[in-house]
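Okay, so here's just one chain, in C-alpha cells, the form predicted on its own.
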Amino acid sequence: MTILAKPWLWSWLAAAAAFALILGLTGGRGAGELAYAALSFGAFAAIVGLGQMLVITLGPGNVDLSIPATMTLAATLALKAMGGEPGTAFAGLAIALGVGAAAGIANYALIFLLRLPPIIATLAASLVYQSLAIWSNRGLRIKPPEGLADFATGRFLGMPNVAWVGLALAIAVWVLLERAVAGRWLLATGQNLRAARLAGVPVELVRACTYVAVAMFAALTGYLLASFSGGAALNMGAEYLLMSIAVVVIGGSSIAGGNSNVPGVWGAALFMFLVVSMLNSYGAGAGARNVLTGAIIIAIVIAASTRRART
C-alpha cells in the first residue's frame, strides 16, 4: 500500500493546506505563533478525539455524547478539591481521572443493564453530569495551582506541554491497537460482534473498558483545559461534542467500526483548529463554525460510503 492510500494522510494534507492558506492571507506573518497555537488547542481536540475514536471503533451506534459534561464535571471537582493550593496537582489529576472512570462505568451500566442505545444512554447521563457540575460549581471559578497552570501553558523543546501529553497518549493508543491483544479484541469486536464473541473475545469486557477509557480521556482533557484557561467554566466542554466526532471522521477512521487511524486524529485536530481560526479572523460566529464542521463530516461520510459502494 502506498503512502497516498493511507486514510490518515489526507487530514494532514488538509491541515497543511489550511496552514498555507492562512499564511497566504496574512502575508506570511506569525507562522510560528500560528503553529504553536494549533498545537496547543489542537491537543485538547486530539485527546478527546482519541477516546471517541476507540468508542466508534466498537461498531455502528457506538458514540459517547457525555464527553462535554464529563470534562466539565471532572475539571470542576478537581479544581474545587485542589483549591488553588500548591502541591495538589497530582491529587487533582487523580480526582479528575476517578470522575472519568466513574462516568464511564455509569455510561456502560446504562447501556448493558438497561439495554439502552449508546447515544441515548450517554446523552441522558450527560444531563446528570452537567447538573452535578452546576451544583458543585455554584458560580465559582476556582483557579488552578500556579505550578499546574504554568505546566499547562508552558512549553518543552519549543512545543506546548499539552501537545506532548497528547502525543504521548496517541502513541500509547497506537501501540494498544497495533501491538496489544486488547487492541485486536477491540478491532475484532467492531468488525463483527457476533464473530468476535464466537471466537472467544470477551466483548462485553472490551466494550466496558472502552467506555471507561473515553470518559477518562475526556476527564483528563477537562483537567488540562481548566488548568490552561485559568479555571473551569460550565460551558467549557460544549464545543468538544461535535469536535470529538469530527476529528475521528476527518482523520480517516471508519464510522462503521472495526478500523481506526490514530495519526489522522491529530491531523484532523490541527485542521479543525486552523479552519476555526480562519473563520474567527473573518468574524464568523459559533453557528457558522458548527455548520461548516457538520458539512465537512457529512461530505466525508458520503465520500466514504461512495467509495465502499464502488469497491
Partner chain sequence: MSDHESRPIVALVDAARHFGPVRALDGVSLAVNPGDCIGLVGHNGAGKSTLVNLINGGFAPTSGTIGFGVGETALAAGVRSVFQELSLCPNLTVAENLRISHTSLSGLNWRRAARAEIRQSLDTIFPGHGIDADAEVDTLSIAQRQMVEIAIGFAPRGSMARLVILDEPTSSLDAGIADQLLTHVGRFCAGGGAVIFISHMLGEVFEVASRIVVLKDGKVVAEGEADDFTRKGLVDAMGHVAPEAGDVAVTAREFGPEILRTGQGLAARKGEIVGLSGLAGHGQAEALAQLYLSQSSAWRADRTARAAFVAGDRQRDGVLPLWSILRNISISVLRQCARGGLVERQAEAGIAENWRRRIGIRTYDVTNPILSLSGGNQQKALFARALASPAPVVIMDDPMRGVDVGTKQDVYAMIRDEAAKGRTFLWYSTETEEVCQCDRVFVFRNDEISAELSGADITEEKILQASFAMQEAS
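Residue numbers count along the first chain shown, from 1. Keep in mind that this is a model prediction, so the values were computed, not measured.
The same protein has a further form, the form predicted in complex with the partner chain, not shown here; the description that follows concerns it.
Only one of 84 to 92, 225 to 233, 192 to 200, 71 to 79 lies within 4.5 Å of the partner chain in the model of the complex by heavy atoms, and it is 192 to 200. Contact check for residue 175: a heavy atom falls within 4.5 Å of the partner chain in the model of the complex. Heavy atoms of residue 102 never reach within 4.5 Å of the partner chain in the model of the complex, leaving it off the interface. In the model of the complex, residue 187 approaches the partner chain with a heavy atom inside 4.5 Å.
Contact annotation for residue 168: none of its heavy atoms lies within 4.5 Å of the partner chain in the model of the complex. The contact with the partner chain in the model of the complex, taken as any heavy atom within 4.5 Å, belongs to 208 out of 97, 142, 159, 208.
Annotation for 246 to 275: interface residues with the partner chain in the model of the complex are 257, 258, 259 [heavy atom within 4.5 Å].
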